[in-house]
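A lone chain, given as structure tokens: the form predicted on its own.
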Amino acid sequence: MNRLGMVGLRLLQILPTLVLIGVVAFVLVRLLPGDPVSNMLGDHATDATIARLQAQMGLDQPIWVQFLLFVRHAVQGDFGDSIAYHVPVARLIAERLPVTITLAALATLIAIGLAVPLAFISAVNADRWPDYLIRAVFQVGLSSPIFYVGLLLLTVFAAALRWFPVGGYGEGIGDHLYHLFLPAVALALSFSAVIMRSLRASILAVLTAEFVDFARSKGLSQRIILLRHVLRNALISTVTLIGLHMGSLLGGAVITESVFAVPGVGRLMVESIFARDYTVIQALTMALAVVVSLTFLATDLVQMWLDPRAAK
């Protein structure tokens, strides 16, 4: 199968995934205790007032009717208005989703920048002190909860040293990256440990392959062997791991954005759950599902570039 056909097949496979996620999100959000109307009106609202507002919002209809209405409007690109914020849901997501994507992308770049060179050093010096030291340091990062790492970074580098802002998002691209650096580091530390361990194991496996021995017998330098022959083959499984970890990275963004007061979709999701904002939760779940699905597609394309056999 050529690359264009593979991309088309993957895009078709995304559709049933989105339908299933839409059904699950729609049902689960209505299993939450409480309802948005009672949350809006407070404890002193009368039953008649609650019933009248539920009828206005369509929440008094059977759940299957509500779902069909949700699907019909979603296909048209209309996700309704937020119950808590009283603005179109599409506008909320358009404002906040780029923040979270930028945070996840920056965390991924930091994790790769930390993990790849150190994985090489660890693999080349296997079972020697550099290997033990690197694995021990990354094990600490892997074992530390994200919220603890975030609070530690916030206390030291933002509150005490004042090198970075305490929270927010800033104005302009440079200011955005400056504000997101500490949250991205908090996300990247555990992620980099996962990448390093996987890449180290892959490098050790590739170093014993026959084509590497053949390259050495040709008199190629160690640098060329590592960069041209070992790295490309070792990265195949690591790229898959990075793509699969994107869902966990977005999940970690929920905690990180809350700790650093970053106005992304993770923080929006938490606020919407507490407010029982059905429309935002449903649309946001679908938007994140699309992001993760497209990330998997990008992972497949990178794999095909690293290993053309994957397209067959």
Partner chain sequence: MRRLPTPLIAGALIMLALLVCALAPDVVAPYDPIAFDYANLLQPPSGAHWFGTDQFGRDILSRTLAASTIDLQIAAFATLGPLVIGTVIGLLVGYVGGVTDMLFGRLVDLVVTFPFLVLVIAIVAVLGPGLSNMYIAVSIVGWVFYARLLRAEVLVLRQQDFVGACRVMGYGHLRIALRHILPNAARPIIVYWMTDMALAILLGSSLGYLGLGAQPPTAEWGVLIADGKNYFTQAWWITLFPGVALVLAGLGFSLIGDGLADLLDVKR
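Residue numbers count along the first chain shown, from 1. Given the structure is predicted, the values throughout are model-derived calculations rather than measurements.
One more form of this protein should be noted, the form predicted together with its partner chain, which is absent from this view; the next part is about it.
For the chain shown alone, S258 is a contact residue for its partner chain in the predicted bound form, at least one non-hydrogen atom being within 4.5 angstroms. The closest heavy atom approach of S144 to its partner chain in the predicted bound form falls within 4.5 Å.
Contact check for I63: no non-hydrogen atom falls within 4.5 Å of its partner chain in the predicted bound form. At a distance threshold of 4.5 angstroms between non-hydrogen atoms, T155 is in contact with its partner chain in the predicted bound form.
The single contact residue among V140, I173, V71, L161, judged by any heavy atom lying within 4.5 Å of its partner chain in the predicted bound form, is V140.
Here the marked residues L28, Y148 and V270 all reach its partner chain in the predicted bound form, each with a heavy atom within 4.5 angstroms. Residues in 73-89 all lack a heavy atom within 4.5 Å of its partner chain in the predicted bound form.
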